[in-house]
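This document opens with one chain alone, in structure tokens, the form predicted on its own.
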């Protein structure tokens, strides 16, 4: 068997065996649907069960509409017609705007406004602030905590019409664009000039540049390129009163006063709407490799990570881990053969990227040789060409969709010390089983299983609880248990998805009272009428 051969292989033949396995394994023929396109069209599953979402106000009756906000009138709509063209004012077929990607939250907005420039956003917010009309900013609507959809009848302000690239400096790598530019389009533009956007997400085909900044998304390559707090150089932001903060700088060093842009990175549209972004983009690597490995314990995952950092060094761009159940759900959903013939307790996806393929191949080959010889890797396959590279990545990127394909999914995005990262998944499965809520085979149980995967490089676990249906019983079993567990390990209840509606009541598990007070003070200072993205964040 291939697995046995790898374990007993000599140094000089590891590369040939891995390459051979990559060629003969069916992974090279897998054609996986693009998860981001599915997200964009709300075509959640071709084989699963679609949950019909209930109104958020029905699911959470304790949350009441704030009477300070006026209800939309024909007079308001007539005023918006003086700002926008008729095609940019939408009043019919609003489900795609009212519902989140997971179909867990659904608002009741009766109006979507789609401005095409900053001046229009400014005019809209100035009027809404004066009229006390609540507004929800919305980008690609790929968020996972209910932050980009209304709770009640808030006006939805979609940035999708602001989709122009403003400028690009080929010498410095500084890229400026509208907030509504789709992330994948931005990266494709940069690729033509030999650069890469310093952020990559599974939802890159539908999420917006402004949206990832507003939520401080982390993504798959934070290990290599760092967070947006470091790469974003400047922002253009419309404040709740309509004033425009033009801080769209192109300077890497500016030590004059407060770094105001940092207030808006991760603010989730609660103190201003991002309309323009200036970001530093690195040169695009010319050589990529992906290795997909099987290991038998989470301890082995950690050992491989330590080894990868030491031996792959500057070419290591991503290190993802996945548990067995996440891969079983993905295999059942996409109905394709798995990359490895036999099942393993955990899987690792390693990506390398650099400027010399020969150099990178040699480092990866040496790393794999030693790892197999040390017995910490049980099996593996490496990509042979761009198609296989994307196919291997798909087994990681398709997990979110596969987790909800049988009905729905409760998603928790947390930061934990690496030694404790997977223990949350184990504790969650144990709790659900003890509560009599979970079974992989008994379809009368609401929960299928909790699965874990994530970015080992930055201690980010994605805990997905795959369910057949959303129920209050399951939610009460999970919350605040998950947040209490994370707090007990000195972690964060939100690593990259934000707080939104789902986590606003649990911020105290990560932030102390003084921090929460300062956040609230900032909100009240910049948004005195509290019109921006109400009922969320804080």
Ligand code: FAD
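If you're wondering where the values come from, they're calculated on a predicted model, not measured in any experiment. Numbering follows the first chain given and starts at 1.
A second form of this protein, the form predicted together with this ligand, is not displayed here; the remarks below concern that form.
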item: Contact assignment for this ligand in the predicted complex, among 138, 327, 98, 317, heavy atom within 4.5 Å; value: 138
item: Single option in 408, 115, 272, 294 placed near this ligand in the predicted complex, where near means a heavy atom within 4.5 Å; value: 272
item: Stretch from 195-203, 368-376, 295-303, 164-172 whose residues place a heavy atom within 4.5 Å of this ligand in the predicted complex; value: 195-203
item: Heavy atom of residue 455 within 4.5 Å of this ligand in the predicted complex; value: yes
item: Residue 240: touches this ligand in the predicted complex, heavy atom cutoff 4.5 angstroms; value: no
item: Non-hydrogen atom contact residue 339 with this ligand in the predicted complex at 4.5 angstroms; value: no
item: Residue 218 within 4.5 Å of this ligand in the predicted complex, heavy atoms; value: yes
item: Neighbours of this ligand in the predicted complex among 141-159 [non-hydrogen atom within 4.5 angstroms]; value: 141, 142, 143, 144, 147, 148, 159
